[in-house]
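Below you will find one chain, with nothing else, as structure tokens; this is the form predicted alone, and questions on how it binds or moves follow later.
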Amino acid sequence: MFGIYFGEFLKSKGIISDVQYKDIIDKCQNSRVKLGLLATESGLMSAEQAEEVNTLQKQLDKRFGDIAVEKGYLTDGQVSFLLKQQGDGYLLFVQSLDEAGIMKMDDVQRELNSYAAENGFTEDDIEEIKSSDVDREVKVFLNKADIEDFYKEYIALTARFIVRFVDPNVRIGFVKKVNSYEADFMSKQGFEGDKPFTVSFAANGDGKALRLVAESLLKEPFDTVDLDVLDANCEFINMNNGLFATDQHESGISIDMLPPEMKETKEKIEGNMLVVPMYIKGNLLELVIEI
């Protein structure tokens, strides 16, 4: 979802507050993009034409599309096309910012340019993030990382798995290469074989992200990170790793899973590692890959 990426940027700049951000994200999940915004954004209507139709809507008991067709601004086919685009995540976010009186389209575009420049994103990268397709979004961040495709495939699979079972709006960050890592809680599992490596779900503080993973699996709430939470995360990782191992076997790479491990106290590990930030409902979960 585009808004969770761009919204975090706007928060970091002080343009929107945390409360505004959460309200807008909630609104995006329960709204549809107005046809006028879709029509102007796609170049099918001018802003003046859309405003005229909006004004007529207030006077007549008719839909935007019907009026636009009557005025000759759109065809029936174009209206049908636009109706299919009403779930567009980018435009939903822009529409919500506008309706909240926070930003207009020109302001959004200016800040979007700043967001792209600060992160080294190309126009194509921004379009991929706008897609609200987790595979396309994750690919943007993985393409910035100088790591083997083997690990990119693992990270992408894990993101899809979290989207499917925990949070459809998970947000990924840039991959970091580190030689030392420490966390309060870890659930981990290693692989042996042609490409041995170990993966962990790690979190600090109250471990909310780990609890959310456990709650998605066990269907019960947890106030603290305990052995049940860590065990549930191990089970989640094990299911994810089983899929990855199967995919790799079909590609000719033989890897087998080792028994999971749980770390309930602060754990420090050394070596060649990749750390991937994943935000589950705004809470940081770090995917740690020990190579």
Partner chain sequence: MAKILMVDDSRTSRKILKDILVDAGFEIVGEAGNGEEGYQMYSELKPDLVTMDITMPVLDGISALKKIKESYPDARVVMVTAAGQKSKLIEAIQSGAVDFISKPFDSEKLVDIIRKAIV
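Numbering follows the first chain given and starts at 1. Keep in mind that what you see is a predicted model, and the values were worked out from it rather than measured.
Below, we refer to the form predicted in complex with its partner chain, which is not included among the displayed structures.
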Quick one: from Val69, Ala245, Leu44, Leu37, grab the residue that has a heavy atom within 4.5 Å of its partner chain in the predicted complex. Ala245
Evaluate Gly252 for contact with its partner chain in the predicted complex, applying a 4.5 angstroms cut-off between non-hydrogen atoms, and reply yes or no. no
Closest heavy atom of Gly65 to its partner chain in the predicted complex, within 4.5 Å or not? no
Should Gln59 be counted as a contact of its partner chain in the predicted complex, where contact means heavy atoms within 4.5 Å? yes
Distance check, Phe174 to its partner chain in the predicted complex, heavy atom within 4.5 Å: no
Within 4.5 Å, heavy atoms only, one stretch in 106-114, 125-133, 215-223, 93-101 touches its partner chain in the predicted complex. Which? 215-223
Need the contact residues for 222-250: heavy atom within 4.5 Å of its partner chain in the predicted complex, sequence order, or none if there are none. Leu227, Asp228, Asp231, Ala232, Glu235, Asn238, Met239, Gly242, Leu243, Ala245, Thr246
